[in-house]
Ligand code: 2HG
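This document opens with one chain alone, in structure tokens, the form predicted on its own.
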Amino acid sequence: MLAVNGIDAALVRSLTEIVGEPHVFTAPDQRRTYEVDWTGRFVGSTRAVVRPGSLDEVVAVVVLCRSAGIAIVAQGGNTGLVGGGVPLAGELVVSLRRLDRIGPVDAVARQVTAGAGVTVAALQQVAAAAGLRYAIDFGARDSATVGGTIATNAGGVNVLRYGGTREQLLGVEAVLGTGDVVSRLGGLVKDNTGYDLASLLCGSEGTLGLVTAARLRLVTMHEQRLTALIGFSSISDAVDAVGVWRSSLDCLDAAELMLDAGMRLVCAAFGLPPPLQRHWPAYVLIEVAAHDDPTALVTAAVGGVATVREVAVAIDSVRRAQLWRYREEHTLAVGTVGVPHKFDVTVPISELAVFVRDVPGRVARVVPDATTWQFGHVGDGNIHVNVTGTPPWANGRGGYIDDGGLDEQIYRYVSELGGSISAEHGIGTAKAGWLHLNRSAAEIAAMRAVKRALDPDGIMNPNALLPPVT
């Protein structure tokens, strides 16, 4: 049985003995940033935040919490969007940011070992210095950590070409809920000796153990990159065009969908000029990377799609960054008009245009005065639906947030289309009540059995991912 509010003075003293006084936070001003998520929508509380600096310290913290029956929530950069890293039920926060060592790059094997607290941006920089590239990339790269991206199997803009975090993961070091350590950081590409624990831990959202380090795959750094922003008269034209380019452009790294409302909001929020001569109902930002100049190839591919209306092309890094800003500032721009209710979903690409077209009307059925903003990764069917202007939220069981039936409306529609209620942000606490829409009773039972095996006392993020037992 987990202790309720069991983080007492004695436990804090024990934690201090393990990690040192500077790395145990108990004052309200020290804890504050660990108690709220990036959006401001999920707010919890904890009596303490502990910041271990080594594998041995992580083991000692887990063993202590297991013996005391104290629940743990792990944090990296705290960039999660589904409440999975916030102490909504008073859990102890274990921040892994001090585990920030990056090992030497193995240029021959194209691999590197990185601690859980390494940011994605720092890993990218180390890889680039060795003439290679870490394929996972998204707007939160400067704060999101390796451990957090593994916990959620993060995706980002390059999934189209390289896959998500699981595809980059060659091994992990982790402390299970039992306090036992599993470590496979050798980087063998072929190793069929039983269960793939790295893959199992990837996407488990800290419910099985704490990932402390990972062996990661690096990819080729291409010398030539080209970015193009393309305007279309309709969402369906944009989706169809990307389908054509996925077949004709082997060097396609990314394909990002934006809509007119979001583009106007970004321009207004950050004082940017419109990227094209006129506004279009839909935009696609594509990026290609190759060893040779891809300009002629891209020109032919884009020019071969009759529905293309206007194009802006950039090859130099400054102009490319300017075009990317229109996409990457969407999240912050939406935040300027209110705290958003976020839906990170995937639908079959054949249903993508219909979904994007219909979602605002479905939102209006539940919250007539709300505004819907949509953007995402059109090449893999992942759309980020953001809704602002919703009523105040109420914290329910296990931290689940009820927004007046909005979750019901969106997630059931996604399920009807054959999609997933979580594409890359995870389930957390926000979506745990809807897991049954994507996972059968047998699958959920199997997940619970795995958790019991690796976390027999249920101390690891007990309110995330799996729905409450009724």
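The first residue of the sequence shown is number 1, and the count goes up from there. The structure presented is a predicted model; accordingly, all values stated were derived computationally and were not measured.
The same protein has a further form, the form predicted in complex with this ligand, not shown here; the description that follows concerns it.
J.: Answer with one of 266, 202, 92, 81: the residue that has a non-hydrogen atom within 4.5 Å of this ligand in the predicted bound form.
T.: Only one listed residue qualifies here, and that residue is 81.
J.: Work out which of 111, 322, 331, 236 lies within 4.5 Å of this ligand in the predicted bound form, going by heavy atoms.
T.: Selected residue: 331.
J.: Mind telling me which stretch in 355 to 363, 164 to 172, 290 to 298, 383 to 391 gets its heavy atoms within 4.5 Å of this ligand in the predicted bound form?
T.: In short, 383 to 391.
J.: For residue 327, is any heavy atom within 4.5 Å of this ligand in the predicted bound form, or not?
T.: Close contact exists here: in the predicted bound form, residue 327 approaches this ligand to within 4.5 Å, heavy atoms only.
J.: Given that the partner is absent here, does residue 431 sit within 4.5 Å of this ligand in the predicted bound form, heavy atoms only?
T.: The answer is no: residue 431 has no heavy atom within 4.5 Å of this ligand.
J.: I'd like to know if residue 342 sits close to this ligand in the predicted bound form, meaning any non-hydrogen atom pair within 4.5 angstroms.
T.: Yes, residue 342 sits close enough to this ligand in the predicted bound form that at least one of its heavy atoms falls within 4.5 Å.
J.: In the predicted bound form, does residue 424 come within 4.5 Å of this ligand, counting heavy atoms only?
T.: Residue 424: yes, in contact with this ligand in the predicted bound form.
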